[in-house]
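Listed next as structure tokens is one chain, alone, in the form predicted alone.
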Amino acid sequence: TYFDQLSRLNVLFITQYQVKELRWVNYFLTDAQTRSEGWKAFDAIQLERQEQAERSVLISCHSKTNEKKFLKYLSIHGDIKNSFFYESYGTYAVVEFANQESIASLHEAVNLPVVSNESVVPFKSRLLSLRSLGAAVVPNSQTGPKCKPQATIPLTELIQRLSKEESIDHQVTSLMKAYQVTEENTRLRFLVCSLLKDIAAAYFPECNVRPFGSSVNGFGKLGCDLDMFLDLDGISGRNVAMPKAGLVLEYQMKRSNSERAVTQSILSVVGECVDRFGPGCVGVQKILNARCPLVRFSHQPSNFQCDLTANNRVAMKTSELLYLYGCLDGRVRGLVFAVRCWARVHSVTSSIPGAWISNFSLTVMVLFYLQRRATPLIPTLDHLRSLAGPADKSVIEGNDCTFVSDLSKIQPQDNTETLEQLLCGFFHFYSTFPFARKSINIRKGKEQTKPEVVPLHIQNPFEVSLNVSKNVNAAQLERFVALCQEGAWQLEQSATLTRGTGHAPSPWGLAALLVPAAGTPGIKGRKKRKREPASERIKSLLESLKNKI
């Protein structure tokens, strides 16, 4: 069966693989053929998640809470569809009811907190606390509910796990499974957005708060920040048909000389409400003079670092595009996870704003590389636009954001490279890329002359006049190129190593790439390796660098 499936994809090099590897090769190569099965459109998934969140509550519990009694107690308000526990500044439970009416029933039974020598802000939210009166809920046993992990495993444990795998393809897949956002973590992210919506709805009853970025694009790492935007486009009255004559009513509203000023005012008020009234929201900062004004805060019950913007529709469209690319072929997400994990270990990227390459820029670089393969793995954005139908048309603030949203309309590519080949090729590609002269553009899928003098130029897919990597300085770009050269060298050496199978095998392949450098996080601080004969590909790389110099 495997041979038949592979032959239909014109895989001519099947004899290179051992039989035990075929199921992994088959998984990635036939993914493009079967990817539409069980696939859901981006907007459909967002709507489904939002409905789940509206039926959910977040409850702070005792660490020894009896899960069975806890759920039985809540079930008096309606059927419970889903629930899980996790730890973050204590033990919390996310409980999803089957019907929205259960939330109203629950609210009627919830008491206001009784405190002494203090006053409380009487804002009723779906963030609740469970108290035990006697031993009805908290038994004498020492065991509590099983908590779902909301953070990635330690790097040392990940390296040990990857070192025991049989191939680099296995390693990439194992890393992705260990690091990707889980089902429970996704539900929690949408619930936090729903809780924020409850606060903003006091001023804007028809608003919505939606996550974007890594939380929804399929490339999110467990524990990544939560990016949200306050969506006011759904407010009724915008598209009401105006009569040609007669009487008509309009709302009286405050007016401003720019949309940016309106956004700043809205975020200022919502940010103040989050700070004053939002339970669990701490460290609120209103960063209103940034290019994209935002409110930043920590949500302690979920342990998310949150950024709230307003009407950021282009960012949501970008999230949908990345989600689509990740669904086109299973190797796309695997390669992005591997490269992003490698970049964070070696300080190419950082959670602190600065001159580093951002995760978004790095993801675009991976997509561009996959477009530039001898046989492209993914199509260009212009090609996706050419496949779009009338329902896909999208122009946001003068930017053409149109691309096909139906996965079945996109013809699968013929690229049959393994993840090992793609990962090694990524490092080779960017170790020799002409950054001094060329710009990265996934809309065209080819290098273009830089429109401005900056170390790194990556065109925003939709706001084409913007360089998403303008913050990157020359020193950071030089480090990235040097690390790519190092990564290519390490993968070349892994091909000649005997792969360990003991309890603590030596790191090899992707695992070796994730070993932090000794001393300072720069190439110069690394311990000099023993000289070994270079392969033909390394010789070619060195020769090309020599010619370039």
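This one's a predicted model, so the numbers in the text were calculated from it and none came from an experiment. Don't overthink the numbering: it's just position in the shown sequence, from 1.
The same protein also has a form predicted in complex with guanosine-5'-triphosphate (GTP), omitted here; what follows describes it.
Put simply, D225 is close to guanosine-5'-triphosphate (GTP) in the predicted bound form: some heavy atom of it is within 4.5 Å. Proximity of Y325 to guanosine-5'-triphosphate (GTP) in the predicted bound form: non-hydrogen atoms within 4.5 Å are absent; the residue sits far from the partner. guanosine-5'-triphosphate (GTP) in the predicted bound form is not approached by I199, whose heavy atoms all lie more than 4.5 angstroms from it. Although the partner is absent here, R291 lies within 4.5 Å of guanosine-5'-triphosphate (GTP) in the predicted bound form, judged by heavy atoms. In summary, the region of this chain contacting guanosine-5'-triphosphate (GTP) in the predicted bound form, judged by heavy atoms within 4.5 Å and restricted to 206-214, 167-175, 448-456, 120-128, corresponds to 206-214. The contact with guanosine-5'-triphosphate (GTP) in the predicted bound form, taken as any heavy atom within 4.5 Å, belongs to A315 out of C341, V274, A315, L106. A heavy atom within 4.5 Å of guanosine-5'-triphosphate (GTP) in the predicted bound form is found for exactly one of C401, L381, V468, L362: V468. Proximity of S319, N460 and E463 to guanosine-5'-triphosphate (GTP) in the predicted bound form is complete: all three residues have a non-hydrogen atom within 4.5 angstroms.
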